[in-house]
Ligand SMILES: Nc1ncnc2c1ncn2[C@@H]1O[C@H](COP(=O)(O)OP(=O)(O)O)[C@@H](O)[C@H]1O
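Only one chain comes next, encoded as structure tokens, the form predicted alone.
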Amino acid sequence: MFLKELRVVDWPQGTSQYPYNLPALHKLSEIHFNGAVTYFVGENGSGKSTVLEAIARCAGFNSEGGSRDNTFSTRDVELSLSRHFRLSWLPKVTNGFFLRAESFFNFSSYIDELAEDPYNDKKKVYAAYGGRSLHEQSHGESFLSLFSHRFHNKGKAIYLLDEPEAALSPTRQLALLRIFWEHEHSGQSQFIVATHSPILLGYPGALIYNFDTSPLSVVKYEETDHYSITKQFLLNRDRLLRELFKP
């Protein structure tokens, strides 16, 4: 692990303003990262993506996705949380990538603009994304191209992924787990992932933070709603659907 700890400083008290009113952040002082893979889980609106984005901003990554070298922006949003986060590193890592599923289209367009710039080598620009425009690949293919080619084991790196399962079939989610495993065994990479996927959450030895508690807390895989609800549905589909569709 390179990112060891997130500390909260100068937190505004007694405000109902988002994101300071998120229950998961109430009385939160620090978040520890004790393994190569850490997950953030919780309901929509629980704050997991908001915290991940603030970590990306503190680490120097583009807040809409990409690396420290990507400077595109399609919105003007003040990321107030990043002002109250302090990251502790050993060693400090500047290489890596921040994936935002919701703004991946904009990132793909940005890469196309770089490739069409006459001062850039088009082939070299696309080499990190499977050799062609991400827009020329399906959504799932483009994600897997990013993971397979842009995420490499050349030097220490940290990867922040916000809902990477959004474009991935179950089979390709398993392929992503294999990528995690290869990176972990190289000793060169750290992953922090916000997800709803019970498949991704099953990665062995991963640390899981639950944003549905106040403050957020560590939870075991089998104790997550993602695992228990999916298991109940698969084992008792007919009964659950009958209850759900009662007049």
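Computed from a predicted model, the values in this text were never measured in an experiment. Throughout, we count residues from 1 along the sequence that is shown.
Another form exists, predicted together with the named molecule; not displayed. Remarks below refer to it.
Q: Although the partner isn't part of this model, could you tell me whether Asn34 comes within 4.5 Å of the named molecule in the predicted complex, counting any heavy atom of the residue?
A: Judged by the heavy-atom cut-off of 4.5 Å, Asn34 is well away from the named molecule in the predicted complex.
Q: Could you tell me if Pro215 has a non-hydrogen atom within 4.5 Å of the named molecule in the predicted complex?
A: Contact with the named molecule, no.
Q: Report whether the minimum heavy atom distance between Gly202 and the named molecule in the predicted complex is within 4.5 Å.
A: Result no; Gly202 lies far from the named molecule in the predicted complex.
Q: Ser29 versus the named molecule, in the predicted complex: is there a non-hydrogen atom within 4.5 Å?
A: Taking the distances in the predicted complex, the answer for Ser29 is no, it never comes within 4.5 Å of the named molecule.
Q: I need to confirm a contact call. Of Thr38, Ser49, Asn210, Ser197, which residue comes within 4.5 Å of the named molecule in the predicted complex, counting heavy atoms only?
A: Selected residue: Ser49.
Q: Taking the partner as it appears in the predicted complex, which of 202-210, 217-225, 38-46, 183-191 has residues with heavy atoms within 4.5 Å of the named molecule?
A: Heavy-atom contact with the partner occurs in 38-46.
Q: Mind listing which residues of 11-32 have a heavy atom within 4.5 Å of the named molecule in the predicted complex?
A: Residues within 4.5 Å: Tyr18, Leu22.
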